[in-house]
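One chain follows as structure tokens, the form predicted on its own.
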């Protein structure tokens, strides 16, 4: 889908305000160039004060007012926060936690995603809203619930889990085989013997395959919960796109599964002050990768500080602008905030907002927001729908994430997302674009495929990787790669299982380094530190590029390359430091989007022959980009640009090559 413009605005909670304040908000919204608000996310209790009795009149007036002021609506079903009457009348909608406790009413996203009564009532209000507002001029897109991610361990979920397992495996014999229940004498003889993995049995820690299946089940159940409302809306709104927003803490649910149910991806970007800029960029690229490169929605970010971090640092002048342009540079077509007006009470009363408690339009944050809104209007005729293109594909998998970090050994400090970011950053810092791919994505068109700690290899992947290299591609594989199958069963035979031949080596054992300990790798006459894990490698056709310097395996291979068919495969048998990984990436001879200074983040979006290049200067000193002889238009200033263009500290340049500009 392609948006009509860059949507700018965010979450608005007008049920907290009187008419005078709402009228003032309309004035302020227009002054800040706001063209989209998300509502009424948390208003179920107001919209349905008792079962089956709806109160839509206040929302009617509000939508009419927004339409009259030229502001579109991302219309949310309010089902993330069920009313107290629903929890009281039907307590089975409340979740049971991992300790086996039935929770009481409160919080948000505090419902059992499998509860038939929750499904019934959430579909009812979603359908009622869709029927009423299907043709309202303010409606642009639907937003279902909010930040799914609750895990539930109630009797309903246990019954649904058993049904899910019966469908997945077909027989107890197959389940016993896949769960390897012969270990620790866990063989099952009746489906009703199956329990959910909780703190009551410690299976979530000590039975890795049942925990893995439970997390798959939670994802499928949550996707069904979303689809329940999706179908209720689609009955009345066949052409309006529907989505939900994903939490920035994205580990809980397999977002590739969730994405298949959505028309467009939405996600909430709340980086910690200590996050490397590459980690933020990586998460954006993950979102773009969920639907094969389709542009996505930045559904939330804070226009100033958060309220839930231990130290809620103010965003410095220009920081929100930089974060917003970074999202657009990586594939977003929206820039939406939480929140538009700051709440006067509640848990998020100190969370940043476009309009602060003062209500003034001369605050630093409001003026920065208004400037950003005006700039995005200049990009709107060009950017929406443009895509990115990369020579490097990086495989990313939620099942792998769960299984790897739930494994007992070899090192408790293994962090999948941090490892993915380590490898991603090596390309990011050279402005080499990376596509994030699912395990079943096509590898065609990529020059390089990277497998950072891809511990789990699902059926067929090994053959596809080998064919990719044999046909001329370059592979980078790492320690903890290709060790188990989709059931978390170790490769029967030598490691690294299906990659053994293409890598030209075998791994005899893996040493886990103690916390803060390191080994070193000699490569190209230099010495580099390495941490976490060290593989004991035997070459079987591969060439050693770098050797370990310490321990009993000193002098044995740490970094290797193997010629295989028309391609080559690198293996890095440890956790390298940035300098070592940069040295390996340099050997790939990949070109940056455009040459530029080191701290300049440069990306490209295109549609056919038209392109937009973003240059983001994260440094405290002036940077530059070399546009060569091609003639561009700098969209924020309208000035022509070519050759070397300088970018001020903490500033951005947006350069467009298009026939009609």
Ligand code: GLA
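Numbering follows the first chain given and starts at 1. The structure displayed is predicted, hence computed values, not measured ones.
We do not show the form predicted together with alpha-D-galactopyranose (GLA), though everything after this point is about it.
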Whether 245, 338 and 348 all lie within 4.5 angstroms of alpha-D-galactopyranose (GLA) in the predicted bound form by heavy atom: yes
One residue of 146, 334, 575, 400 in contact with alpha-D-galactopyranose (GLA), assessed in the predicted bound form (non-hydrogen atom, 4.5 angstroms): 146
Answer option from 366, 416, 151, 270, heavy atom within 4.5 Å of alpha-D-galactopyranose (GLA) in the predicted bound form: 270
Location of alpha-D-galactopyranose (GLA) contact in the predicted bound form, chosen stretch of 174-182, 348-356, 215-223, 114-122 [non-hydrogen atom, 4.5 Å]: 348-356
Non-hydrogen atom contact residue 105 with alpha-D-galactopyranose (GLA) in the predicted bound form at 4.5 angstroms: no
Touches alpha-D-galactopyranose (GLA) in the predicted bound form: residue 42 (any heavy atom, 4.5 Å): yes
is_contact(residue 311, alpha-D-galactopyranose (GLA)) in the predicted bound form, heavy atom dist at most 4.5 Å: no
alpha-D-galactopyranose (GLA) contact in the predicted bound form: residue 300, any heavy atom under 4.5 Å: yes
